[in-house]
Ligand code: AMP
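Next up: a single chain in structure tokens, the form predicted alone.
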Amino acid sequence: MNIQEKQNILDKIKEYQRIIIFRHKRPDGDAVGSTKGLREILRLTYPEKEIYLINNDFSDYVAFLGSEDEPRDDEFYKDALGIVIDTATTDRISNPQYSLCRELIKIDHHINNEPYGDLLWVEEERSSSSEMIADFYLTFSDELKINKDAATYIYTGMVTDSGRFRFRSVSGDTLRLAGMLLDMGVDLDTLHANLYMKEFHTLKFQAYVYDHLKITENGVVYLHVTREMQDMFSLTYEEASASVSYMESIKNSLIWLAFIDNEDGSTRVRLRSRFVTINSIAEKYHGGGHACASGATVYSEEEASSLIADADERLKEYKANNEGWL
């Protein structure tokens, strides 16, 4: 995105007295960090404006970052500018009242399968939407204000969505922007303790996972976290979903899948890979995402089996046509 396009977003922000920020359902660290970070920057820069962050669900994982704003009635939105961050499609926006805003801005780093809003800023190559918010601040740092809290929110989104800066989407710019935020006093010891220390029951679940993994002929590793398992280990939805990361270090297994049963009878699927592009598989099963990190939803055992078979075939093709994978 060029500077003029960013300027158009800043100019639109300046036009409005009331600005409401939105993110996606079942929020992760990036969704929370980017939205809270932008809210803090705008509140610091424009104390005369009304800046809100209003959503319908929350994240236990990053609850330590603090609360959001209370729900409001429909009338509250009609003269507001809405900013939706880290949300590729409108059906994933946490608060459906976003549609009542007078104008809408989309800021996102996912594949832009559904362009929406009056202004769009989408950079698919970015490691996180939080990185984009950091870049937005830096572009207009002579005008915008930031503090330690805003830097902490944004850094949290960057470190979580980049896998602690390990994923292929991490660039030199990513690390330079992270360094800028660290220079503002982010307390890494406290932040990492909140993000990565685990409850004992979570560690017991992790041990259980390693004893119950399944693997396909070509090396796709997968796990089904049933409602019974979630109850057995007193897991939050986020703790259950984290099981996908337990499989990432198995040699020769370049695709790993976690099937997480939802209360409504559907099953959320988290797809992860190394080297292999998998977002097209997710799109086939009511989802989408990045090339190597996507989400999907299946509604039957047959659909789950079909998704596993598709992933196995994709991995078979990749191994047959590529060298140098571990």
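Quantities reported herein were computed from a predicted structural model and do not represent experimental measurements. The numbering used is simple: start at 1 and walk along the sequence shown.
The same protein also has a form predicted in complex with this ligand, omitted here; what follows describes it.
Student: Might residue 267 be said to contact this ligand in the model of the complex, defining contact as any heavy atom within 4.5 Å?
Tutor: No, residue 267 is distant from the partner.
Student: Residue-level contact is defined here as any heavy atom of the residue lying within 4.5 Å of this ligand in the model of the complex; does residue 287 satisfy this criterion?
Tutor: The answer is yes: residue 287 has a heavy atom within 4.5 Å of this ligand.
Student: Using a 4.5 angstroms cut-off on non-hydrogen atoms, would residue 294 count as touching this ligand in the model of the complex?
Tutor: Contact with this ligand, yes.
Student: Indicate whether this ligand has at least one heavy atom within 4.5 Å of a heavy atom of residue 272 in the model of the complex.
Tutor: Yes - in the model of the complex, heavy atoms of residue 272 and this ligand come within 4.5 Å of each other.
Student: Just one stretch in 294-302, 31-39, 62-70, 48-56 has heavy atoms within 4.5 Å of this ligand in the model of the complex, so which one is it?
Tutor: Careful reading of the contacts points to 294-302.
Student: Can you tell me which residues in 89-119 come within 4.5 angstroms of this ligand in the model of the complex, by heavy atoms?
Tutor: The stretch touches the partner through 92, 110.
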